[in-house]
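In the block that follows, a single chain appears as structure tokens, in the form predicted on its own.
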Amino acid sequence: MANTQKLLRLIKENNLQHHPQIQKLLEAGIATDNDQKQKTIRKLIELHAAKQLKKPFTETTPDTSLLDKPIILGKTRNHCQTYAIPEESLTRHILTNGATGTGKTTLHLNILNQLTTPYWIFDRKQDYRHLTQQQDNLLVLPWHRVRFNPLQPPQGVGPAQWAMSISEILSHSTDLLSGSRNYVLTHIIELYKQYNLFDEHSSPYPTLLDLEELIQSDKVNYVRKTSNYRDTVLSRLEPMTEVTRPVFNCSRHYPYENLIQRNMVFEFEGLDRDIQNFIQESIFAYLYHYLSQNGFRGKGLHLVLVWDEAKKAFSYKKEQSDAAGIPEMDDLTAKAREFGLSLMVSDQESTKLTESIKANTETKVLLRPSDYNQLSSMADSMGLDELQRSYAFNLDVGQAIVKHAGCRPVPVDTRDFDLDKNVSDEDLRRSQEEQWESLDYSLRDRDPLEKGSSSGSEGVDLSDYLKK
């Protein structure tokens, strides 16, 4: 009995309970009292365990054909099979996790190089500007060249709907709670009334600078709680508009509805993280609402959005905060696939990402993790057993464990990507300036009353929203 218990423990420790040969050896061990046979069986099980530790995966690859426009991620490590996923499967999003320098950006570059669909990149470290050496039509916008008006509703989206969405995004990205969020919403609605947007959905549009001025002019009773909301909101808006005035000083921004047909890089290096996140999340929401209201449902993959260092936008702390409510980002991420908007999300700290982004990404790529907590977080979402987790700690640069929907996790040697990273700011200016100058936008309009007074705004009902 004691020897049988030892065998059972050995089998369980090495996750061999379902191995058919191990089952036969266990049955033979239980059936004999011969010590020599027991030792032999134990040695055979230990040999299996050693092999399992070296190769703890069953290598299977997704079924793809040329008609699926396969995106090749690399070769399986043991059998050198091509590991590819259908391009259309990107609508169900990709999540990549790994320590700094393990190959996240290289993986993204390889995927982008194979896409037949346009892509936009939120680039925090100027990693992707170097693609201009290989792609003549790539548009790269350093943050001071971006022109984006968060208060301009997307084409086909009503002002009340957009006011609710953008107030959520502003609150989410700058850590405002529900009271301050509702305060923002009511002031955006007031601006839309002043600009007559409920009757005439056209330029000029109010800007973030107008919102700031409206709140600054708000006469509040400092004994009441409203004064706290005012001061809290201004503490977020004032630094944002001061630093990024060129970005927000436009009534009508670039024609992003047309630009989704081309590849773009938005560079954010040098900007405060909260400002970065607000712009990125606002653009994501803008894209989602435009696609959802203009006939793109069920039309296949339309745009791939690359989101590096995503833990701030997809923050588990905000997801768990009852006071902040359910993050708008979670809702948009879950629905984006219906309208062909794909997310390629990466970060080195998976523990700080929302459960929603882990649940809504059907292709997960684990490169060598920085510590056990990061490994455990990704391994749980990928269904890795203990041996596979141990294996992950020994991955080298460019080696990954890939889990695609409906397939078992597989170790893959990802492809290298040859790219000289030598594009300076001056190089970028010379190659991009003509494109920058061709982008159409209009500066902030300071006199909204020229459009007339609004009459159709009285019926706007925000009561359900304000109760959230």
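Numbering starts at 1 and follows the sequence shown. No experiment lies behind these values; they were computed from the predicted model shown.
Below: the form predicted together with a small molecule, not depicted.
S.K.: Counting only heavy atoms and a 4.5 Å cutoff, which of 272-280, 297-305, 391-399, 82-90 contacts the small molecule in the predicted complex?
M.R.: Selected stretch: 391-399.
S.K.: From the list D416, D63, D68, D427, which entry has a heavy atom within 4.5 Å of the small molecule in the predicted complex?
M.R.: If I apply the 4.5 Å criterion carefully, the residue I get is D416.
S.K.: Exactly one residue in T102, Q374, T207, T361 has a non-hydrogen atom within 4.5 Å of the small molecule in the predicted complex; which is it?
M.R.: Comparing distances to the small molecule in the predicted complex, the residue within 4.5 Å is T102.
S.K.: May I ask you to check whether Q348 falls inside a 4.5 Å heavy atom distance of the small molecule in the predicted complex?
M.R.: Looking in the predicted complex, residue contacts with the small molecule include Q348, since a heavy atom lies within 4.5 Å.
S.K.: Taking 4.5 angstroms as the cut-off for heavy atoms, does T106 touch the small molecule in the predicted complex?
M.R.: Taking the distances in the predicted complex, the answer for T106 is yes, it comes within 4.5 Å of the small molecule.
S.K.: Answer with yes or no whether R262 is in contact with the small molecule in the predicted complex, where contact means some heavy atom within 4.5 Å.
M.R.: It does not: once the small molecule is placed as it appears in the predicted complex, R262 has no heavy atom within 4.5 Å of it.
S.K.: Taking any heavy atom pair closer than or equal to 4.5 Å as contact, tell me whether K335 reaches the small molecule in the predicted complex.
M.R.: Answer no; every heavy atom of K335 is more than 4.5 Å from the small molecule in the predicted complex.
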